[in-house]
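Given next, in structure tokens, is a single chain: the form predicted alone.
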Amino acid sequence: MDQTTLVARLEAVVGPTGVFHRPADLLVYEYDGSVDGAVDTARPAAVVLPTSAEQVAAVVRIANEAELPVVARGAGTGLSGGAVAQRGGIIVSLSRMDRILDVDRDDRTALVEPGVINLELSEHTLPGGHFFAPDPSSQKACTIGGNVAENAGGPHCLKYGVTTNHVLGLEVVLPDGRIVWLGGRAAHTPGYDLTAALVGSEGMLGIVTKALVRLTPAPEATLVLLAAFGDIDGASQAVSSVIAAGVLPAALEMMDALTIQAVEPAYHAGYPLDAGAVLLIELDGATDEVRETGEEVAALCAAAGATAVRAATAKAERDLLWKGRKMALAAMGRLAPNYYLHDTVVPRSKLPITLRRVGEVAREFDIPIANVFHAGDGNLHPLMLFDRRERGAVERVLAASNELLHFCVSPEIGGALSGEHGIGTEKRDHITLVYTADDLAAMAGVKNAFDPRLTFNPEKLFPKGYMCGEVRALRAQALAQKHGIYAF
């Protein structure tokens, strides 16, 4: 199918204003929020903006006829290259499917389209006493569909869980163009949990066109503690002490001195500029419980060496503290023109040694690295600052990133490749660090079951060449490894 025919067929489905195909229009769809150099850019043949599941299905069927791959895209805020059309084809941008279709306050659910902005869902439901708990730092821009694709987390996932814990059902367009419903309002359903399989699948198994999500009751009281420490080690010890005491904060975030130096002059959130690190600890629940737990946590922080602990109960004060945390990435422009935000996870007990290694890597590669992350669950976000105009800067950042990844997933540390950003293209060639050929063969089997033609979001997650040989080759490799035979 030639380009002219393709565009005409797509316009017949979504209208002339729903198809982009000129080079200038396609430019902004060549990349996502990833750093230049970490993820290859790629230009799609066309971008389609449907307004219904039926239109999405029709576009998929046209793509199948034209033998073109299909890539679903939300707001483009992803950080692993998941929405980049590596093999060209058609990008299905879901930004115009942005309606909140139903809110059931009795069952505490909301039915939404994938283009609904994360924060707008909570703003819509909060007057009725409920909110949507997953809250990525990009929640002012990211969409529910993108959250589902990447199984997004956020500061409050420590207590409330990540996206998969809040998705009850999904309407999905499959790679053959069928529209199916997975899951539902019932708390438990028999058989395979295909809804959970779709959440975090990075758009490789289906395109979400509706999501039935769980709403969380707004707490009676909320308290945010700002605890300042002389260094990261003291703050890390406080994190371990709080969790070991059996306290489960709603959120437990850490920012180091470099982050504070960027954030405080920009937003005046109230972070002490002389601190080596600060913790933001949010507690919520019944009023008396929050007050008592706050006193306990403040004492634990003081015992770990906190130089100051401040309590914020007023909403305006809490919002300002959180604004500094949520806008930390935006503030980094004060320190460098470019940054690379990493995403990896280590056990909480390994935070001190891991953060020391981050400091060593910063010195070894001559790269300033700021630390702003979800300390409560060990989800690290080393933020490497650089200027891409400097010769060799991008290569140095990627080499430092590789060093950190290997350290975090080493047997001594026992971490994971990603906590919430996904694998995409950014980490696909590192996935063999944590998964065996048997593991990858099982994953490839799931991919093949949904998408035997490998048309949905190709060249993601699996290392290059893995899917070309199909699942049988992976299993043959796994069998050969078991018997000590290594053939390449």
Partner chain sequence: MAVAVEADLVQIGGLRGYGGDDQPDPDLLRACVHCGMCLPSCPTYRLTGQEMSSPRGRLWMMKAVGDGRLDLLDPAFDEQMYQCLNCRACEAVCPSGVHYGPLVEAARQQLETHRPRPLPQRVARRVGIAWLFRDARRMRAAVAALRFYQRSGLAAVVRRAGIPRRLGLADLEAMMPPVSRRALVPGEERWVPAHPERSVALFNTCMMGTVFADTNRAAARVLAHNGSAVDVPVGQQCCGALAVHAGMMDEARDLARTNIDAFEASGDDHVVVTAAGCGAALKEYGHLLKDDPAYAGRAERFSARVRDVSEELGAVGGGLVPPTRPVRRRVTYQEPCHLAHAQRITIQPRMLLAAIPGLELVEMRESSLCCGSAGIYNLIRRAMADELGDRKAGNALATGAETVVTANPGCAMQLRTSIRRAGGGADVRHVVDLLDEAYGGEAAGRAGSWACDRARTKSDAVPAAAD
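Positions refer to the first chain, counted from 1. Worth saying up front: this structure is predicted, and the values here are computed from it rather than measured.
Below, we refer to the form predicted in complex with its partner chain, which is not included among the displayed structures.
- Contact with its partner chain in the model of the complex, defined as a heavy atom within 4.5 Å, holds for exactly one of 168, 275, 117, 290, namely 117.
- Residue in contact with its partner chain in the model of the complex (any heavy atom within 4.5 Å), chosen from 438, 54, 429, 30: 30.
- Although its partner chain is omitted here, in the model of the complex all of 43, 96 and 339 have a heavy atom within 4.5 Å of it.
- Segments offered: 311-319, 352-360, 140-148, 236-244. Contacting its partner chain in the model of the complex at heavy atom distances within 4.5 Å is 140-148.
- Mapping the unseen interface onto this chain, residue 378 falls outside it, with no heavy atom inside 4.5 Å of its partner chain in the model of the complex.
- By the criterion of a heavy atom within 4.5 Å, residue 267 is counted among the residues contacting its partner chain in the model of the complex.
- Using a 4.5 Å cutoff between non-hydrogen atoms, residue 76 counts as a contact of its partner chain in the model of the complex.
- Taking the partner from the other structure, its partner chain in the model of the complex has no heavy atom within 4.5 Å of any heavy atom of residue 12.
- The partner is not shown here, but in the model of the complex the stretch 11-27 reaches within 4.5 angstroms of its partner chain through a heavy atom at 20, 22, 24, 25, 27.
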